[in-house]
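Below you'll find only one chain, the form predicted on its own, shown as structure tokens.
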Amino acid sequence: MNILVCIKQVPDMEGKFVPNEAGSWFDEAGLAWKMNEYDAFAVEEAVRLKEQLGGGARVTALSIGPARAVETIRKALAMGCDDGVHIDDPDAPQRDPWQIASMIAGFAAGRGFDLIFTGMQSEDRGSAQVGVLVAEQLGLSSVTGITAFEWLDGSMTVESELEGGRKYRLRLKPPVLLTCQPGLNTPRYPTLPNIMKSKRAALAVLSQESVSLDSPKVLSANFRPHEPNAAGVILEGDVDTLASQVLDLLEAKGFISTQGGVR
């Protein structure tokens, strides 16, 4: 079985985020980087399936990003992936989901992957679109946000959540793309020998020109810090008192004038 797992390097969400000069995204200065949490579940499930199948499976970890993304690929190798592929793209953090999906699909097309695992979403952008867009561009079936996976006799059973806590199960045959979310498994900590081994592993480095990079569908703009909401006002009293208080508040904000009606 040929398995691809797509991973992203994201900033530690505890970092301090400030807009870049263009105001299109955040400035990376001073941020620490790590594997996207959702992608760690994808890596773990891919490695577990490889271990279940013994020598009949191989897992490739793919990441798109600047040179720093290599560290995340090496972590995936230390967790048990066999091969690492880096699509070197310094502009990746600001590319929209369609562009990222086009590069993944451009790499995966024709390589015969039976299963593609991705995280359900990234912690920084949170669009939850890349996985399904890759499936669409490759013409694959996909299931999003799986919380359970079982492989038996050439087919898989997956479980996913619906709104309101409801769940459903599907039985599928490869090729399939699955996006993973918390609850699917517990990602392992790489062992020291595997960490050392991963540091010596050779990675395949590709340019964005060597895969299919489409034009963006969405552009980011006006990145800014969260603007806290104003403190709420609690009104108390009978109906007439509440109505009077509401009128006073609306008039104080200039929305109405009790002297001349609605502004």
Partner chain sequence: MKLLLVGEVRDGRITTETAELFGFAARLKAEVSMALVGNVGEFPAFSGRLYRANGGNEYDATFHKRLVLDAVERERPDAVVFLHSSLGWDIAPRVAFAMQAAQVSGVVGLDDGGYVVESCNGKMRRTVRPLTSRAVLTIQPGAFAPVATEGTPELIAIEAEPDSAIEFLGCIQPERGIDLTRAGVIVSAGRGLGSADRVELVRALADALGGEVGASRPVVDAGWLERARQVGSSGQSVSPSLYVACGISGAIQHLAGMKGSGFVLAVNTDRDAPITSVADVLAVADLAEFLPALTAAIRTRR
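We call the rigid core the largest set of C-alpha positions that still match within 1.5 Å between the two forms. As the structure is a prediction and not an experimental result, all values here were calculated from the model. Residue numbers count along the first chain shown, from 1.
FYI, the form predicted together with the partner chain isn't displayed, but the following is about it.
Contact here is defined as any heavy atom lying within 4.5 Å of the partner chain in the model of the complex, and by that definition each of E14, W25 and S141 is a contact residue. With a 4.5 Å cutoff on heavy atoms, A29 does not count as touching the partner chain in the model of the complex; it lies far away.
Although the partner is absent here, F223 sits close enough that one of its heavy atoms falls within 4.5 Å of the partner chain in the model of the complex. Residue contact check for Y168: one or more of its heavy atoms lie within 4.5 Å of the partner chain in the model of the complex. At a distance threshold of 4.5 angstroms between non-hydrogen atoms, R125 is in contact with the partner chain in the model of the complex. Heavy atoms within 4.5 Å of the partner chain in the model of the complex are found in one stretch of 189-197, 80-88, 158-166, 109-117, which is 158-166. Along 209-239, a non-hydrogen atom within 4.5 Å of the partner chain in the model of the complex is carried by P216, K217, V218, L219, S220, A221, N222, F223, R224, P225, H226, E227, P228, N229, A231, G232, V233, I234, L235, E236, V239, in order along the sequence. A displacement of less than 2 angstroms separates the C-alpha positions of E51 between the shown form and the other one, with the rigid core held in common. S24: CA moves less than 2 Å between the shown form and the other one after rigid-core fitting.
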